[in-house]
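So this first bit is one chain, no partners, the form predicted on its own, shown in structure tokens.
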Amino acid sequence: MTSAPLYSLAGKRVWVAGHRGMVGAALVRRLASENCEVLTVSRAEVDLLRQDAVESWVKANKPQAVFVAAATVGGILANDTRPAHFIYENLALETNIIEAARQAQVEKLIFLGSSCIYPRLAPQPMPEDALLTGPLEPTNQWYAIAKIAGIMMCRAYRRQYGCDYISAMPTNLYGPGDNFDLQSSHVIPALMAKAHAAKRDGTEIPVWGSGSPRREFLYVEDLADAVVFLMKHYSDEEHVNVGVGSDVTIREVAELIARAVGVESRLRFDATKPDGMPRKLLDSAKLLAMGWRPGTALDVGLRQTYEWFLRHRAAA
């Protein structure tokens, strides 16, 4: 049973920060049905890394609600080779947006984190209170630290200033608008690009690691729906996990991707490459108890993602 909304987006000016990314674009699509005015701004117009530029834009455009979907993101390789880039840019843009929102008296803000905030050996499924209970996964700790800082900023602003700022922690995401560049992509788009190349060239599909780690995957359109749901139905200090409640091995998702692509090439696992965390499954009981449910099965989402890739692969 879904409770009555605590906050209405109807008639509001709503800023989606990071609207050109996969999550931000999905949020813009989802908000089209909320009878609100969606505000966006390009990087050419406002550099989110510059505090004065962000504060001036927010003051001039007066958003009443803000979705913080802007982030510098990437997979294991990108995180491991550009740690300063990841920690600086994510700290800067989230700090600038949150403080600008306070100055402009924004009514409500939701900050989007990542499941990598949890300790490498966190209990599985990972509950919200596992945050800061152990060491992080070394291969993505820079990004994780920045996201933890964003969560803590929202908590601090709620405590000190009474700001209605909340945080959502999505699990691993995939879908239309994903980044398929092998140097910076996450596991699903990377494997999909490799499977597509194997189909074209008649080669094997290389897979990083042993194939044994388990991961949970959420279709980005479902994530956008969950985030809008939380904006309307949730107001508290603790962040909320957003997942599907089940996981698969990397081998299993690679096999599903091969089927979605329509390729029968053999998977070739490279044990010299890192596995990352052994398992990452969120405990999403808190969100599910509020009445929200995901709507897209993994095999269906993978087919839809590959269809998008075929239409946009030059840009992807």
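Bear in mind the structure is a predicted one, so any value in this text is a computation, not a measurement. So that there is no doubt, residue numbering starts at 1 and follows the sequence shown.
Keep in mind that the form predicted together with guanosine-5'-diphosphate is not shown, yet the notes after this line are about it.
Undergrad: Pick the stretch from 284-292, 23-31, 65-73, 268-276 whose residues have a heavy atom within 4.5 Å of guanosine-5'-diphosphate in the model of the complex.
TA: It is 268-276 that comes within 4.5 Å of the partner.
Undergrad: Would you mind picking the one in K108, K147, R215, H239 that has a heavy atom within 4.5 Å of guanosine-5'-diphosphate in the model of the complex?
TA: The residue in contact is R215.
Undergrad: Between the options N172, T95, Q124, Q141, which residue brings a heavy atom to within 4.5 Å of guanosine-5'-diphosphate in the model of the complex?
TA: Result of the distance check: N172.
Undergrad: Might S185 be said to contact guanosine-5'-diphosphate in the model of the complex, defining contact as any heavy atom within 4.5 Å?
TA: S185: contacts guanosine-5'-diphosphate in the model of the complex.
Undergrad: Even though guanosine-5'-diphosphate is not shown here, does Y234 get within 4.5 Å of it in the model of the complex, heavy atoms only?
TA: Taking the distances in the model of the complex, the answer for Y234 is no, it never comes within 4.5 Å of guanosine-5'-diphosphate.
Undergrad: Can you check whether V54 is within 4.5 Å of guanosine-5'-diphosphate in the model of the complex, heavy atom basis?
TA: No, V54 sits far enough from guanosine-5'-diphosphate in the model of the complex that none of its heavy atoms falls within 4.5 Å.
Undergrad: Check V58 for me: does it contact guanosine-5'-diphosphate in the model of the complex (non-hydrogen atoms, 4.5 angstroms)?
TA: Output for V58 is no: heavy atoms all beyond 4.5 Å of guanosine-5'-diphosphate.
Undergrad: Along 222-251, which positions have a non-hydrogen atom within 4.5 Å of guanosine-5'-diphosphate in the model of the complex?
TA: Residue within 4.5 Å: I250 only.
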